[in-house]
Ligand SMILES: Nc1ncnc2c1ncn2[C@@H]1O[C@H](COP(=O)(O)OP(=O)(O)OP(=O)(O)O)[C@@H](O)[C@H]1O
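So this first bit is one chain, no partners, the form predicted on its own, shown in structure tokens.
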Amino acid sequence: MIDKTVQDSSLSSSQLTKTVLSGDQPLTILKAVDLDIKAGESVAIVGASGSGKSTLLGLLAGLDVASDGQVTLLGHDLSAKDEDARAAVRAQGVAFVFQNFHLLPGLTALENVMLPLEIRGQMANRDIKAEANRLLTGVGLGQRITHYPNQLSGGEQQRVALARAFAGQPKVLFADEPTGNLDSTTGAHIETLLFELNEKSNTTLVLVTHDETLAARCQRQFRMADGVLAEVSI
């Protein structure tokens, strides 16, 4: 059941807290994080390694569970759902881009992009193939669709990952250090491509990064330090 009071928000959290055990002592990684992101916004969460930003992304996406507080994603209260139910919410319109690409090595570029469309089962196979081909052509890989990940450069693999992420027109895209494993020139190209695709799709973008230049391309910026999140004035 979708909470009608939060439909204007694509994603929000209230008093979100994450505590783990470090040895036999509790360690609070996130401290009462409040966040509200509107549909179509691009938001960057910046901070040093270990500040808690990737933990926050995992909680916002329902990949992990909080110790306390609430996350609402696409109108659904994730804190009230088990893993299967959270996965069902993600299947409604959530995609990811990671630093390490996470392509399936035994599938070609085309097959990697086709996979999420096949899982959704909402298109005929020939239409899935045509859509995957269109997406790969759109990221400049029209001549590389039959190549496997180990035959592609890091930048090419991340372009495949972007095409896969935008397959099915997700409502929310979580990007965790999407240029972290790329050289500066390739990273800049991937950044431009990410924001171009995002603007065309009107997708809500939640970007976790330590790269201040990349973060500056987002409409809003938040800084994470010692588990506390604060919005940055732009």
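A residue's number is simply how far along the shown sequence it sits, counting from 1. Small disclaimer: the values here were computed from a predicted structure and weren't measured.
If you look for the form predicted in complex with this ligand, you will not find it shown, but the lines that follow are about it.
- Message: Counting heavy atoms only and using a 4.5 Å cut-off, do I29, S49 and G52 all touch this ligand in the predicted bound form?
- Response: Per the other structure, all of I29, S49 and G52 touch this ligand.
- Distance check, E177 to this ligand in the predicted bound form, heavy atom within 4.5 Å: So E177 counts as contacting this ligand.
- Query: Wondering, does R217 line up within 4.5 Å of this ligand in the predicted bound form on heavy atoms?
  - Reply: No, R217 sits far enough from this ligand in the predicted bound form that none of its heavy atoms falls within 4.5 Å.
- Task: Within 4.5 Å of this ligand in the predicted bound form, counting heavy atoms only, one of 34 to 42, 162 to 170, 54 to 62, 198 to 206 shows up; tell me which.
- Result: Heavy-atom contact with the partner occurs in 54 to 62.
- Message: If you apply a 4.5 angstroms heavy atom cut-off, which residues in 192 to 213 are near this ligand in the predicted bound form?
- Response: Contacting residue: only H210.
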